[in-house]
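Read the single chain below, which is given as structure tokens and is the form predicted on its own.
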Amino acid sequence: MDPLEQQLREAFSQIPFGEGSVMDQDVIYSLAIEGNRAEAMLIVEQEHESLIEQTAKAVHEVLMQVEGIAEVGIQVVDSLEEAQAAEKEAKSAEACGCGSPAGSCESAAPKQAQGASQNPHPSRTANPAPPQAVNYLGEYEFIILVASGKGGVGKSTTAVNLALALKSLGKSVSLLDADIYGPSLPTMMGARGEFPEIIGQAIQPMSRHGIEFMSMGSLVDEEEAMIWRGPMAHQAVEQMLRDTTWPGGDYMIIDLPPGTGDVQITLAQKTRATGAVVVCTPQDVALMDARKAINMFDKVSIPTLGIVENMSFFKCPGCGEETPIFSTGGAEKEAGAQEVPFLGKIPIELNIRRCGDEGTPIVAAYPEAESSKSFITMAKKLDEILKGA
């Protein structure tokens, strides 16, 4: 766990609230630190209204003790629904793109009180000032999001091997595991149980197979369940974007979580993503979810650079016969219907799974394998698409 997060969790656990603390009573809905300012949103239900002043003051004092924080804003709402509505409005203001200073745009949410010590009765209705627009990962020429509409289609395997395939073409490549709830990069990259070096508040990326990478799985114990609401996932991704000392280069490959949720929106807002690669299997149920992923990227103005059909067929190692376990040709047909490039097919191979579990992905372990050649062909197509854009 990040040292600052650990420090705050321990401090908040000492703030009494009802029969427990603000931590175990889920009082702190969200916490964001931008520069020298911290913004916290608290949920205090009406039955505990008498605790608002002392709770807000205690949270304010904890945050002011953090090195580098000079300002603290506290917002208090009385329900989860109100917190979500306030967060949605703040995100809408952040995404307006007008370029005005935070809080000055007419469509932006107004600033809330500056802290419990200045206003002992924090507003229940004011929304936090949206953070300044930022563009993380600007040191990379191309930022590629590897996505899927559903889990279990081999998205992480594709992201890792695509990164290694680009590396084999002489590209400088980094890799970010943005799947907060199910990070698999430490295992697949052979860094299971290892933690990155942290200098000050700067996270030094891990390195394997000539690729720098970072994952939430490298910051917390692998058995720790990430029971976080959307805003916490948003903050975790932003921390890896902001605080990791990325080396820069040709490609940043980002392995997204399944679906179309908070993390995808965060990356759309916080980076200049070049485009997305959508991974799916050939059967109809997976293709329906792939369409949702493509539609989501359209809505946030991120182009879909291509579709990958994973688990396209099983090739018998004995007789060489190909068996289409999950149907066949579905992803290629869908790519045509969506008018996006079809990057290629990945077969089901025992070594893909085995190499991933052992921490040496197939492209690194067996570059001459049929699946490795498929990944390298995809990498060449992707590079050609981007160079020709």
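Just so it is clear, the structure is predicted and the values come from calculations on it, not from any experiment. When you see a residue number, it is the position in the sequence shown, counting from 1.
Here the subject shifts to the form predicted in complex with adenosine-5'-diphosphate, a form of this protein not shown in this document.
- Although the partner is absent from the chain shown here, none of P3, A32 and I180 has a heavy atom within 4.5 Å of adenosine-5'-diphosphate in the model of the complex.
- A heavy atom within 4.5 Å of adenosine-5'-diphosphate in the model of the complex is found for exactly one of V59, I352, V27, L343: I352.
- Between the options P247, P303, G210, G151, the residue in contact with adenosine-5'-diphosphate in the model of the complex by a heavy atom within 4.5 angstroms is G151.
- You can rule out all but one of 76 to 84, 192 to 200, 315 to 323, 155 to 163: in the model of the complex, only 155 to 163 has residues with a heavy atom within 4.5 Å of adenosine-5'-diphosphate.
- In the model of the complex, adenosine-5'-diphosphate sits beyond 4.5 Å of every heavy atom of G330.
- In the model of the complex, S174 stays away from adenosine-5'-diphosphate, with no heavy atom inside 4.5 Å.
- Taking non-hydrogen atoms only, I52 never approaches adenosine-5'-diphosphate to within 4.5 angstroms in the model of the complex.
- The closest heavy atom approach of V72 to adenosine-5'-diphosphate in the model of the complex falls outside 4.5 Å.
- Within 4.5 angstroms of adenosine-5'-diphosphate in the model of the complex, the stretch 291 to 311 places a non-hydrogen atom from each of N310, M311, taken in sequence order.
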